[in-house]
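Okay, here we've got a single chain as structure tokens, the form predicted alone, with questions on binding and movement later.
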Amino acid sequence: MYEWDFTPVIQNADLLWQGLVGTLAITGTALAFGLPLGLMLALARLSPRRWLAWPAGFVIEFFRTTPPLVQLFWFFFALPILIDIRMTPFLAAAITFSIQSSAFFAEVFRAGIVSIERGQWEAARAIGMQRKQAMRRVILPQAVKRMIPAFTERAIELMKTTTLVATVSYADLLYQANELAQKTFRPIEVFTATALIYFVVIFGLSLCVQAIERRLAVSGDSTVR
């Protein structure tokens, strides 16, 4: 029978903590840049101007359909050769996952905007709003409420996808876990603890988002009444 021993993991918990901070840093950076970029791509794709819609559509489909690991390797290894800059693992990961997540967020934004009834646009125009004003004041506030579950799912997928940064030696949670497993010769305990950390963080995020959804639903009902 295998004898479990988490003592080495507990003694080196600071390494896993540093890795978790690294994972959250990459995830937070990708969300901070990916969401606004995704909104811009969605608006461009919905534009009646083809010179905006077609390039935006290409960017969205390209980064949605190519493997994120290939994208990461390209930004880390190929881009520095092309433009002669020094690329750190963090910078390569931040660029990769910001653009990659923006492509998925763009589709979430697009679907949310399209789901709003045409009558809302007509009502906004009836009171003198321009298209940009209607989008900002009427359409987006309603669409965002409908997009929260999809945003949550994409944020969770993003956090799990960031484990790929270990391949370029960025000290995220998985990278630190692998280092600790080799150091302590306790891979079962180390990766079990790592899985539990991911579970606690992601499940906690899901609970927070569910609470926000319930509050928005309540506020929406009270507004209707």
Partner chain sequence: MYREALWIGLLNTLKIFVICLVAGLSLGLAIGLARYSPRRWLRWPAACFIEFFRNTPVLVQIFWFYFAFPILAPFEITSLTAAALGITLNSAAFSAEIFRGGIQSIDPGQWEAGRAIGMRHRDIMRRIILPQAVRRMLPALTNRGIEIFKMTTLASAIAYADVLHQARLIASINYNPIEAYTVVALVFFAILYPVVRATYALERHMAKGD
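These figures come from a predicted structure and were not determined experimentally. Numbering follows the first chain given and starts at 1.
In what follows, reference is made to the form predicted in complex with its partner chain, a form of this protein that is not presented.
Asker: Please tell me which of 164, 56, 180, 35 lies within 4.5 Å of its partner chain in the predicted complex, judged by heavy atoms.
Answerer: The residue from 164, 56, 180, 35 that makes the contact is 164.
Asker: Could you tell me if residue 42 has a non-hydrogen atom within 4.5 Å of its partner chain in the predicted complex?
Answerer: No, residue 42 sits far enough from its partner chain in the predicted complex that none of its heavy atoms falls within 4.5 Å.
Asker: With the cut-off set at 4.5 Å between non-hydrogen atoms, does residue 151 touch its partner chain in the predicted complex?
Answerer: Residue 151: no contact with its partner chain in the predicted complex.
Asker: Within a 4.5 Å heavy atom cut-off, is residue 51 in contact with its partner chain in the predicted complex?
Answerer: Because no heavy atom of residue 51 falls inside 4.5 Å of its partner chain in the predicted complex, the answer is no.
Asker: Indicate whether residue 187 is a 4.5 Å heavy atom neighbour of its partner chain in the predicted complex.
Answerer: The answer is yes: residue 187 has a heavy atom within 4.5 Å of its partner chain.
Asker: For 46 to 67: residues with a non-hydrogen atom within 4.5 angstroms of its partner chain in the predicted complex?
Answerer: 58, 61, 62, 64, 65, 66, 67 sit within 4.5 Å of the partner.
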